[in-house]
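Considered here are two forms of the same protein chain, supplied as structure tokens in two stand-alone entries, structure 1 and structure 2.
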Structure 1
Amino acid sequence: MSKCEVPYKIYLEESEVPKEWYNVRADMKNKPAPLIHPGTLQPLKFEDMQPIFCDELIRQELDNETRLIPIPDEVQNFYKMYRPSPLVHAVFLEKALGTPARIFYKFEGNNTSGSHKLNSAIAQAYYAKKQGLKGVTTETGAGQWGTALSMACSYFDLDCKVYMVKVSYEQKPFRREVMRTYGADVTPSPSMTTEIGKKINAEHPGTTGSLGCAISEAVEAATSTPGYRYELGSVLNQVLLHQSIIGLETKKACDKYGIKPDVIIGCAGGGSNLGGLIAPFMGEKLRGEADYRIIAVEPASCPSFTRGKFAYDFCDTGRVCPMAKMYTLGHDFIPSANHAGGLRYHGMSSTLSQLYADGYMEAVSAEQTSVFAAAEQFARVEGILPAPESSHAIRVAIDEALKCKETGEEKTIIFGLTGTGYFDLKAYEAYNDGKMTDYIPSDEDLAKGFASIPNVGL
């Protein structure tokens, strides 16, 4: 099919929006290693997780066999506010690059939260409400997840307590205020309101925080407050399940217009966007029905896949959460304060980690100045100011398209545009003023984080 035969924006009909989430683990021969109890080192059971998570979310977390899981009617109705989201043919970017490649992006920023995070936030809030809880706690880094969960909790009349990584709390006040507008209580992390926060502040005076710190505080707050549970915006299997709506819509749009992607690219912090975008394509790959080149793009300053270790590690800095086998930089690793592009988590989804270890996908890292250069190039021709996180995928999509220009290959590239960057203008300001710098941790820097990885012999 020629470029001109594909619509600029491909929208599915409302009736075509998937009614089930896809669980990629059902098609994995090597299942992701189970979460383990940090005390017993035994796989977590349902009852072990009940003090932390909602019951139905625990069932989804532990389910390695059910391929399709129905989306509740209440969640489907909420999805109608902003789904289906468009698969956009980036014709203006193609022209600017002079590439024979065809470039498409799945745009998830067309909702008030400004990102894909709402896909899982509304599901998790629904299950909390259904269980009769009073409220939930969570962490947020750049703020997309906290914004999404705040919006979802407002919809279901739930309390929402958000621990926001301190550097983001200070750099991104507008996203913080959107959370507060939706009724959330937002606290910079590490704080002095939890025992774990006090301990982290004492051990790391002046720290700018990390997602690992914020997770610890959120879990402590949930487990010490009656009627509350903790909800997480990435990494966990349940989150990748909910985010599969992205890939399922993308696949349907591709099938509808005869688009066969050669390369699929997603940014990777904890794995929610990447896992959701690639889910049905990875399923075909696992079943031997098709093949795709799948690329995860992470920041050079927080390189879990490309420089991390595949090992069991704590999911949080305070070591109150279960342990997961994942590519990790160590739970004590804290990214440099100059890192403005999100994707600040020390580890990676155990599902994606297993797929990467088994060779089903690639990973590359990108320095943030090159990421913002790609973001501005994209914004100037496609008319959307992209989130810094999404711009990691844009960087590599442009690089792949330029390779096609050199070779003359007419490859089809799809990447995930996870959200908009209108609350990230301080980072854009730093780039435009020439004040943004790149930080790549040395082997010595990484060794400090690796030293915190427990030796559990598994």
Structure 2
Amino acid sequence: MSKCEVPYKIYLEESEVPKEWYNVRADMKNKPAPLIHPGTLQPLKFEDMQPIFCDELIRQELDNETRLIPIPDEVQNFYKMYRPSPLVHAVFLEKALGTPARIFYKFEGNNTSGSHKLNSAIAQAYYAKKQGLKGVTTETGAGQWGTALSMACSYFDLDCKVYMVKVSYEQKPFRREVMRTYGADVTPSPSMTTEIGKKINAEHPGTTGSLGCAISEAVEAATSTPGYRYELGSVLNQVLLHQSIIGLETKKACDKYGIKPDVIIGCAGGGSNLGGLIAPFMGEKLRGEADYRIIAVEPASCPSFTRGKFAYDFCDTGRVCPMAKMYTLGHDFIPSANHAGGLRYHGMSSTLSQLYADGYMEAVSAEQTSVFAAAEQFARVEGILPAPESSHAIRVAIDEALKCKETGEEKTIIFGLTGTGYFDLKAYEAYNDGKMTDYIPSDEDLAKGFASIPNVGL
């Protein structure tokens, strides 16, 4: 397509919003390793997963072959509320940096969940409804995923039971209220409503909870309540599939205006945003049709890609979930309380892990004070207060643009702006007050986490 004038914000037409998700696994020669049962070490089969997940989502989880999967009409309809999301030409940022680089960002924060999480939440809620279920359970830490699933369940009139890490429940009451406004039942975890919750409360009186514990409670609640299933907002293949809508829209907008990215940058916690953003570009790369530099950015305090091991490990600290082969810091690794809660996960998507192991991606880590400096610089010139998670990508996009300033290269940089920071003002306050600290785990810290990685010989 010929290059035409690029508007500041590129909105696709409603009719241009993709009608199929793209499954990058179909183009991978080395498929991501399957989830395995921790007892038998055998790959999980459809039946093994049925008590936990919806049937159709299991099919998507296991499907490494189908390249394009139709987006159900009902999901497309919901997407209309907030999609297409804009691909923004960061002209104000370029000017502030004085860079010859062209910078674009795909902004996923213009919806009440405040992030890209809604893309998968609505799909997962839809399949639960279609299966005739009564409700779903999940856990939430920072609260973006819990909010997204609450909104999605409200739309399909499904019950939504959210186990929210107790310390977040108490310290982030506003996120909790958004979920309640959407009709969700929000329980601080560990609670006395599950066996595992009672056990943890008995063993650790006064504990403020953890994501691992909340996952265990949510899974128990789903499997012990008739008509319920458990849903998860990242890491899984199915989630990356749904999130491919981000990348597909980005690619279409690029094609429409003749933009060819040299570098694509995304923050990475469990991998939902990065996996979605890069999907069609990675597809071209895997098929040898085009080349792009693809950079994952993770917090220096939780460096699964850059300092972790590629091995089978439990997906949760409570060891109730299956094991996945991924870059991991060990399921016992406890990252410092950095402010990007969505990136504070010991592991990483199996799909992205395989792509990284095979050399299709790079990864870098960033320290949080430098991330917030980038966030503030961005907010002041581009007018959007970014989420701490997204700001990791901003940091590296700025760094790359500044390199171009030195070399004079007119590179095109695209990064994912996954969400807004309206519920992260405590973190901004710490930064504004000069009280934010960095934390980089020592080799000894990492060794402790690595010790928890089971040696399954796979």
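The first residue in the sequence of structure 1 is number 1, and each one after it adds one. Note that the coordinates shown come from a computational prediction; the quantities given were computed from them, not determined experimentally. Take the two forms, superpose them, and find the largest set of C-alpha atoms that agree within 1.5 Å; that set is the rigid core.
A.B. asks: Which structure would you label as the form predicted in complex with a further copy of the same chain, 1 or 2?
C.D. replies: Here the form predicted in complex with a further copy of the same chain corresponds to structure 2.
A.B. asks: Tell me, please, whether between the two structures the C-alpha of E74 is shifted by 2 Å or more, with the rigid core used for superposition.
C.D. replies: Result for E74: no, shift under 2 Å.
A.B. asks: With a threshold of 2 Å on the C-alpha, tell me if E170 counts as moved between the two structures once the core is superposed.
C.D. replies: Yes; that C-alpha moves by at least 2 Å between the two structures.
A.B. asks: G288: CA shift of at least 2 Å between the two structures after core fit?
C.D. replies: After core superposition, the displacement of the G288 C-alpha between the two structures stays below 2 Å, so no.
A.B. asks: After lining up the core, report the Cα displacement of G212 between the two structures in Å, one decimal place.
C.D. replies: Displacement of the alpha carbon, after core fit: 3.0 Å.
A.B. asks: Cα of E203: shift between the two structures in Å, core-fitted?
C.D. replies: Value for E203 between the two structures: 6.8 Å of C-alpha shift.
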